[in-house]
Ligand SMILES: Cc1cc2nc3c(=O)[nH]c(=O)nc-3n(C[C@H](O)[C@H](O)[C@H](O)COP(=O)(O)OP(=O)(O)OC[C@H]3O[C@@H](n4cnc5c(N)ncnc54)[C@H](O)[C@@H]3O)c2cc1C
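As a starting point, one isolated chain is supplied in structure tokens, in the form predicted alone.
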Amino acid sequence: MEFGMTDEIVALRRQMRELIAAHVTPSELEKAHETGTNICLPLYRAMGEAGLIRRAVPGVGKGDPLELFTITNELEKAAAPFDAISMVIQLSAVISRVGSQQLQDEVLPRLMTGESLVCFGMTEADAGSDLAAVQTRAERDGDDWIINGSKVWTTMAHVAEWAFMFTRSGERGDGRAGYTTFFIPMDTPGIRIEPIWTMSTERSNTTFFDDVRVPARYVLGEVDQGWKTLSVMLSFERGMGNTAGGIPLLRRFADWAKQSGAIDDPLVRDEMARVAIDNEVSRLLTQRTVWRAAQGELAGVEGSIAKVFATEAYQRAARTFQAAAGPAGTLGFGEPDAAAGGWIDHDARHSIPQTFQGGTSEINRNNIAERHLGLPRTR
């Protein structure tokens, strides 16, 4: 693996920083926090116009692992609202890999140019992280499918035009068979969305599907082989994004520590050094995951390793810095005397769901134990 920066990658990094500086304005950040919708539409569209979304998608762009890493890493380091962009990159990679040519022609151009947003329809209230237990059902009806059920934590569903749907299409006892995935338009009749407001201040949703009729062209992958499609999606989801939260956290805490005088405490400096080391480890683990994915390989184990380490390190750092800031670290945006303008409180809240979004740490540890260490299954 070669993670050195070529002149082309240096130019790409500069271009990303310029786009972020131009479009991630204080008003856009305020809008994202007020609405709980982690998207900066001007940035997304500018990236699409510049061809950067296409360059970031494994299997669609050049396949240079450092291009994907550079684009996502710059977004994270700047703390730009980019969850929606990350979802677009992940699902575009899945469509490119397993989608029919008809589906690719219909969907990918709008995603690549920053015109359409997407969401995930996987988790259910009675299934949690156990996707094998999903009950949302898809039944064949002539040339169409009828979907009934509900999904929870469908973040971005209220602004998305498309949804990745994981459904049961067979009977229990079929093992990993009997599931079918879809990529469906969110304006299809029968879809209803209700908000969920989270402690991290972000909006998620519960989404209901009542006799939703979906043409067969929106099947993603093979019928009754949705678990294979799901595996592809998870290999792109885990460990390629949301692994650099500690970088802007450390930068903002350091600024606050200098202003407040906390930087004079050697214990505070020791903790800052530990966070800096964890950030570097997270970066290297992420680069390894991205390198595998950009080569067209499934990087599930590498992604699990990167995700577990990086998200738990981010959570530790947020708790440590909040404790160091004292009462000021519990004050949010707009409150007088809030540490780092409220960002310490924000990171303490935001870091919590990172350890279970995209698969809980427990699920990922099982994946690492079985597939990387060769340990027996424990469940």
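Note that the structure is a prediction, hence the values are computed from the model and not measured. Position 1 is the first residue in the sequence shown; the rest follow in order.
The following text describes the form predicted together with this ligand, which does not appear among the structures shown.
Using a 4.5 angstroms threshold between heavy atoms, Thr188 stays clear of this ligand in the predicted complex. Although the partner is absent here, Gly121 sits close enough that one of its heavy atoms falls within 4.5 Å of this ligand in the predicted complex. When contacts are judged by a 4.5 Å heavy atom cut-off, Glu18 does not count as touching this ligand in the predicted complex.
Using a 4.5 angstroms threshold between heavy atoms, Pro353 counts as touching this ligand in the predicted complex.
Site residues Ser86, Gly114 and Gln287 are none of them in contact with this ligand in the predicted complex, judged by any heavy atom within 4.5 Å. For the options Val98, Ile263, Val159, Val152, the one in contact with this ligand in the predicted complex, meaning a heavy atom within 4.5 Å, is Val152. None of Glu202, Glu76, Asp278, Asp224 but one reaches within 4.5 angstroms of this ligand in the predicted complex through a heavy atom, and that residue is Glu202.
For this ligand in the predicted complex, the listed stretch (101 to 109, 210 to 218, 264 to 272, 127 to 135) containing residues with heavy atoms inside 4.5 Å is 127 to 135.
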